[in-house]
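There is one chain below, alone, in structure tokens, taken in the form predicted on its own.
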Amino acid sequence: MNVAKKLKIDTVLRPEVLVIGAGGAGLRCAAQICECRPGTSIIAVTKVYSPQKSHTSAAQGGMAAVDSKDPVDKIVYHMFDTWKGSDCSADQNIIKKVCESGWEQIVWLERHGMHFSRTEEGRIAKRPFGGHMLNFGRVKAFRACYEADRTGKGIMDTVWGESLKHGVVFLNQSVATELIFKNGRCIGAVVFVEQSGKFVAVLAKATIMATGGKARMYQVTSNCRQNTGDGLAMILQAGLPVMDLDAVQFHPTGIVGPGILASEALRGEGGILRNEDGERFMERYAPTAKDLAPRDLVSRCIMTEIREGRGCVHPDHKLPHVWLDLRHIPEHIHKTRIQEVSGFFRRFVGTDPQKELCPVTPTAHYQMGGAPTNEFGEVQDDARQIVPGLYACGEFAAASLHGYNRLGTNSLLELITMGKVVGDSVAAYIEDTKDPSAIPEDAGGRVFAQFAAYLEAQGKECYAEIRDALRVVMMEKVGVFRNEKGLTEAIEELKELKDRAGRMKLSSKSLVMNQELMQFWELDNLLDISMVIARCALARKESRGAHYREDYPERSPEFQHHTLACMTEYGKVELGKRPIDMSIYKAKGKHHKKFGIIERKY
């Protein structure tokens, strides 16, 4: 009997709302739905064994927000910094919506239990972060609210607690594998429950995707091992577009070896980047912002220092790096504000940050692009039409707040603010929406065929070898620096790796807690997303934000747009365009000229 025919949907669950991804964005959204509409039944699917293991918990530095009553900082400064940081490619309606609602969400978090760090006067403490400045770029701003160096953990504690309070049901160690549609409307998803090895259909009035990032296709990355682009692959397989996937942020200070983040908070507290000669080199590249320039700029500066022979090579990991100097920072700051991050250096590279220089190198960190949505978090198709019943928020979504480069601390800001926005949208939508009726006959057909292929595959290809080859080609040819030759070679190599991936043989045919089966599935997702990244990067013949083309080093007016990409057959990527919203500039209000196509200097 054909293996695909043996696979079937075991159970049908019928909540009102399905949340795919139980990180900060997904659970902030769930909490908002329940506040607006008490008693709403919600199922949240999470790939990890507890929502507390979601990647939001790893966020360290802070969440940018400006109180409208602040005597020094202003919301318009934050809006300007976000626009400038994006290299003039974020959507201004989203910038305005998010920046104006940031402080409201700080208050919401605190009133629901988050313990923000405080000043001696009892006010919420703030620290500076790269690209955040006062007076339209003249001097650094103290704008990031934080909970020591575990801000993401504080957010997760809070939204998880709210979700439990409201009765959200969790499917832990489960993965959404296929979206279900009926008459053009999304009515849920097919979920694979690893612990039982069974497929479950979850039918819902509204489906919210919040599966986070995807950077595990890179050799050096800060992402946890679950960030394999599963949600984006589902979007592509449904025939829907993704947007700006070539905009991959490399955080400048990953710890050499594991790639774990050495938070920008370290530089916010006074940390200094130095080359092999001990020179504070960022002064040469960004005379005003120095070590707190935006991440794309700092990453390129570090790689330039290394390329030009002013970097170091770590004796144990054999990787090039520069130094982060924390030795001059007062002991009480080491012990109270950056204790956990300092401990990472001790644990992973045997370095005492209070006495020794710390080795750092750029690490793949964040996706600025994602599933395209409007300002209410409604997912759009390639014609910019709303897909009924389907929503997205957090790092998975591209509304787009970040354009081609995200400022530090704007990620936590986005997941909380847009989580709330999407919650409001969903609560209103489901009020007058009927429950899905019978499950479509073809539901699960695509994923059953995919899993059957894994179970039936014969061959001698090695998963680890293909995975490692993928990471090398993406790091070397689709990384911080890109060019036509490297990108073209990467595309051909990805095709070969995809072909090889079809000849991997499972050592166990069981569906229950089969880690190897999950790795095969994740590798397919990574290969799919990597191809789209490379194709989009090859088509964008300019340098903008985190996308830097050595053969086209300047920003070009020809590419003043978002890139939409669809791929229903591997390697055949269809590209489209979405205009960048310039509504603040077009409104001709006060300071509107600051939101035109401006020069990007720091």
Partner chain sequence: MPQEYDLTLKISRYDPDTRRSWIQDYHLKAGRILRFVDLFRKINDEQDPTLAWRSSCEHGQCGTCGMKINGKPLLTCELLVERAVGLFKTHTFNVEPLTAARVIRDLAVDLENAYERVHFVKPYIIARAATHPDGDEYRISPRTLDAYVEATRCINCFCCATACVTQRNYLGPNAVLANIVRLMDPRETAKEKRLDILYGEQGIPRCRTARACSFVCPKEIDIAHFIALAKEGAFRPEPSSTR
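Residue numbers count along the first chain shown, from 1. Between two forms, the rigid core is the largest collection of C-alphas that superpose within 1.5 Å. This structure is a prediction, so every number in the text was calculated from the model and none was measured.
The form predicted together with its partner chain is left out here; the points below concern that form.
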Could you confirm whether residue 53 comes within 4.5 Å of its partner chain in the model of the complex, counting heavy atoms only?
-> yes
Heavy atom of residue 348 within 4.5 Å of its partner chain in the model of the complex | yes
Contact flag, residue 420 vs its partner chain in the model of the complex, heavy atom cut 4.5 Å = no
Does its partner chain get within 4.5 angstroms of any non-hydrogen atom of residue 316 in the model of the complex?
-> yes
Heavy atoms within 4.5 Å of its partner chain in the model of the complex: which of the stretches 412-420, 205-213, 273-281, 121-129 has them?
-> 121-129
Between the options 177, 226, 380, 101, which residue brings a heavy atom to within 4.5 Å of its partner chain in the model of the complex?
-> 226
Looking at 482, 300, 153, 337, which is the one with a non-hydrogen atom within 4.5 Å of its partner chain in the model of the complex?
-> 153
Those residues of 50-88 which, in the model of the complex, come within 4.5 Å of its partner chain by heavy atom = 50, 52, 53, 55, 57, 58, 60, 67, 69
Could you tell me whether the Cα atom of residue 318 shifts by at least 2 Å between this form and the one not shown after core superposition?
-> yes
Using a superposition on the rigid core, decide whether the Cα position of residue 444 changes by 2 angstroms or more between this form and the one not shown.
-> no
In the model of the complex the CA atoms of residue 339 and residue 415, compared with here and shifted by at least 3 Å, lie farther
